[in-house]
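Let's start with one chain on its own, the form predicted on its own, as structure tokens.
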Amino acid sequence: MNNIAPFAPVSAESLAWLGTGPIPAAPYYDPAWYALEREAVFKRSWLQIGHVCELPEPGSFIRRELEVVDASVLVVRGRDGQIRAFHNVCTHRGTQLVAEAEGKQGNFSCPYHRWSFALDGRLLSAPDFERFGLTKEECTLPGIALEICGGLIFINFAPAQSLAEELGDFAARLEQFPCASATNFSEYVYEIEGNWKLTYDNFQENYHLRFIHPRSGAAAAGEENPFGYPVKYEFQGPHRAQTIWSNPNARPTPVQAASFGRLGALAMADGLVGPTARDYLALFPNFFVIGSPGQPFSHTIWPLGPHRSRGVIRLYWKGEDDSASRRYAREYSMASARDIHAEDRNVIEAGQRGLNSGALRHIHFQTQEALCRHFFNNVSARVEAYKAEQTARPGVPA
């Protein structure tokens, strides 16, 4: 016998404040709603775009193309060690400065007319600059607000408050996650015919586990909890969290047992086993991260249109692959994550095709899909607030 307490799902009463009614279907396919999300959500939220380990020394840079806001973002570590974000545009006539996805440079020079910029965004030189009647200070690269939490880089095009203020208690929690001490990562990028919210929802509910992941999801479901429901939900402003339930009677295959056992041993040796091992943090609008030391998983889902999105899956690691054993364990962990995701893809796209028909006016969330409902409620609230703000503008008819 084991001493593990019987599983008890989170009560409906404790989640009643989220609402219980149907959810409108149009926001999952309607181009007009998508256009509102771009303005109300993505141009005003803290967006996770990278990790400090990608910028190890002065001059290191990464470029991110954010189609949802029509922005190319240049993130660079300056000579003073500070990490900054700029719009990737020359202040002469808007030409993009950097075409490479990443690299290291002493400064940035526009390929069109050779305006040159320092790592901190200052204009250093421009041919025949005297004829412009400008000062160099007027031509600094346009900056973007940037903050770091848990080693993760976030930007915001129009911040109403700091990242720490918005994350509240979740900020300290994130600093305990394996990503906070990571020095490298494995990455898998995919594109999918699915609205960003529909895609994101798949990864914040366990209701589908027994049907889509009957073997790969065995550790997250069992006889006493056949749907693998979480043992706890938490909410912090627009953000949410869950504590993942682990099946004490799971019987992994020999390969799974050996591989994840090796990952666990390595995580223990690296000092990564801590209180966040079963924690899942979903940070508004499009990012979530798991605190598992053996599979330190993050997922960012970027809208590409009302019916299409791009996902970036990363597993963050501490230290280099210093042995064949460590390399194998990490490769297995990423392959396992990718295989599980492959099982989800067809049903997400099938859901999108069904919604695109317009046959449904509403979709439905049950009690244990609480994170999905909380997510939609916050997206909807941002959109409605933006619409009200636009209507109240001088000269705009009420």
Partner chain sequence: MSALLPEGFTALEAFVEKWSVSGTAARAARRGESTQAEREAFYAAARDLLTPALAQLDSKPLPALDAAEKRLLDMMLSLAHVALAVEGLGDDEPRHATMREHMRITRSPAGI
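Note that the structure is predicted; figures quoted are calculated from it, not measured. Positions refer to the first chain, counted from 1.
The same protein has a further form, the form predicted in complex with the partner chain, not shown here; the description that follows concerns it.
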Quiz item: Of the listed stretches (32-40, 327-335, 66-74, 362-370), which one has a non-hydrogen atom within 4.5 Å of the partner chain in the predicted bound form?
Solution: 327-335
Self-check item: Partner proximity in the predicted bound form: Arg262 to the partner chain, non-hydrogen atom cutoff 4.5 Å
Solution: yes
Quiz item: With a 4.5 Å heavy atom cut-off, would you call Asp270 a contact of the partner chain in the predicted bound form?
Solution: no
Quiz item: Applying a 4.5 Å heavy atom distance criterion, does Trp317 contact the partner chain in the predicted bound form?
Solution: yes
Practice problem: Consider Arg345 of the chain shown here, and say whether it contacts the partner chain in the predicted bound form, taking contact as heavy atoms within 4.5 Å. | Solution: yes
Practice problem: Only one of Ala99, Ala164, Val189, Leu124 comes within 4.5 Å of the partner chain in the predicted bound form by heavy atoms, so just point that one out. | Solution: Val189
Quiz item: Which of Ser116, Gln236, Gln256, Ser246 has a heavy atom within 4.5 Å of the partner chain in the predicted bound form?
Solution: Gln256
Exercise. Assess the spot marked by Arg79, Asp120 and Thr300: is the partner chain within 4.5 Å of a heavy atom from every one of these residues in the predicted bound form?
Key: no
